[in-house]
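Only one chain comes next, encoded as structure tokens, the form predicted on its own.
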Amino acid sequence: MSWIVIQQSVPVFAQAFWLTLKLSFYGIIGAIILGLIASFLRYFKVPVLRQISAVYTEVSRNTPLLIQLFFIYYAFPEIGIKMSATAAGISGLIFLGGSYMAEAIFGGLKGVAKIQVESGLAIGLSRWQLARYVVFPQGLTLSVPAIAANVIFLIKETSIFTVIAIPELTNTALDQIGLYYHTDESLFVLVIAYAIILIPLSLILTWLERRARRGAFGN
């Protein structure tokens, strides 16, 4: 392994590093928003939309991101919907992540004690007030561990973006290997780059989980 080669490849990987962070950020934020909407539709049993949400969740969770990206990037243009590779990647991450976030948040909402929901209804809270003051704060707290796991999962899924030629970390490593045959050096930098992203994030999310658990159970 050549440390000179590693040093020379750092600028290229640095660009890919920031792009990976950008794609992950937009994808995760979009997934959380979509997950919130889908979980609330299911929890409050909104007619028709509840069924649509359930179908979306099943389809999204039971198809690989690879297939979803192929469909978004290559099939959509056939029906007049064209987007850049970056937009397709973010859309795919949101589509996949939204279903996982929906299940995580829905599980948290279902964990709210039934007596608290009934008490809210008994004092005349509207559905919106019940969601805002009773269900949402407690349900989201209970959802934190599952949401944290999904965040890590979605960041790692950005490696699939290489199939539509987005120059994120994995794609950059494969390009470096193909161009210069520096396999060991490229894979080493790839591992280090993901470790820089995931290890601190994992520690932060673990801390948040503990805080949420103390808040939920009063410890």
Partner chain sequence: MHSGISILFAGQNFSRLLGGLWISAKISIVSLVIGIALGILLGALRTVKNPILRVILRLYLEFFRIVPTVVLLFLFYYILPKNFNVNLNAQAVAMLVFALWVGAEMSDIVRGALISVPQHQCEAGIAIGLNGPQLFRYVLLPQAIGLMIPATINLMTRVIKTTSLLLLISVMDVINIGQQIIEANRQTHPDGAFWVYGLIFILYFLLCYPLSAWARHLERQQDNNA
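Positions refer to the first chain, counted from 1. Because the structure is a prediction, the values reported are computed rather than measured.
Although it is not shown, the form predicted together with its partner chain is what the next lines describe.
No member of the trio L109, A149 and V151 reaches its partner chain in the predicted bound form with any non-hydrogen atom inside 4.5 Å. Its partner chain is not drawn, but in the predicted bound form it has a heavy atom within 4.5 Å of V163. Residue contact with its partner chain in the predicted bound form: V59 places a heavy atom within 4.5 Å of it. Its partner chain is not shown here, but in the predicted bound form it comes within 4.5 Å of a heavy atom of T170.
In the predicted bound form, its partner chain sits within 4.5 Å of a heavy atom of T63.
Out of the listed residues I52, I67, L179, I33, I67 is the one that sits within 4.5 Å of its partner chain in the predicted bound form by at least one heavy atom. For the stretch 71 to 89, the set of residues having any non-hydrogen atom within 4.5 angstroms of its partner chain in the predicted bound form comprises F71, Y74, A75, E78, I79, in sequence order.
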